[in-house]
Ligand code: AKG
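Heads up, the chain below is alone and in the form predicted alone; it's given as structure tokens.
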């Protein structure tokens, strides 16, 4: 197995000379270390079956089962399916997922440390994931913004990203939102987190899920979030990855925000995502 960092200044490393289906315990240890060091690792030329893909995830950590069943693969609940492709005439998974800046499960008390994506069908136009290194963003924060986020807790809410299901038909929007809020109530995490192994600090907010900081008024939060997100999401901080057939990507949610690209209307697209717990605390207390 060979680990090759990408160009200087870029997030990530490529891992070659490895078939994911034949990963050993020692390989898995090195892969985890590479993820913590490089934040993103890329495997090319892979072709695991769903069972083999899940088995590889178990070697890296503990695969998650997403809390909403409509995202599940019908046979393999560990697979979060992002798809606009009908299978036997039936809808499987959810289309158009993650097209906003976020880190997965940020609105839960136990966020997802690692995420892995394995495209099954790529559109003819490019399919991309965009990344922002929040450790670098934290280190580059202007003093004015850093002073406002240090020592505060950020409010995370998942309800605004809920996707309507057939069961929601004939329900009022206010009732749908209330039901989602009951299932996933707003929670807080530190706005700045410290990595449990490396000790590096990350800014842990996103325009997808973060609605404000505790202790500030609505007006103060509205102004601060606008400034924070404008700084975070500037083009200079964004790195894109364009998928090729056989690619598998594995990245660390502690350090990276990500966002899926739009899909051209009418072009088929399908991918399998697995969230993985690495049995470390998400951040130092």
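Residue numbers count along the first chain shown, from 1. From a predicted model like this one, the values you see are computed outputs, not experimental measurements.
Here the subject shifts to the form predicted together with the named molecule, a form of this protein not shown in this document.
Although the partner is absent here, residue 97 sits close enough that one of its heavy atoms falls within 4.5 Å of the named molecule in the model of the complex.
Not displayed here, the named molecule is kept clear of residue 189 by more than 4.5 Å at the level of heavy atoms in the model of the complex.
In the model of the complex, the named molecule sits within 4.5 Å of a heavy atom of residue 258.
In the model of the complex, the named molecule lies farther than 4.5 Å from every heavy atom of residue 107. For the candidate spot formed by 102, 129 and 243, every residue has a non-hydrogen atom within 4.5 angstroms of the named molecule in the model of the complex. Here is the short version: of 117, 155, 193, 149, the single residue with a heavy atom within 4.5 Å of the named molecule in the model of the complex is 117.
In plain terms, the part of the chain that comes close to the named molecule in the model of the complex, with a heavy atom within 4.5 Å, is 243 to 251 out of 243 to 251, 221 to 229, 47 to 55, 29 to 37. If you take 270 to 285 and check each residue for a heavy atom within 4.5 Å of the named molecule in the model of the complex, you get just 273.
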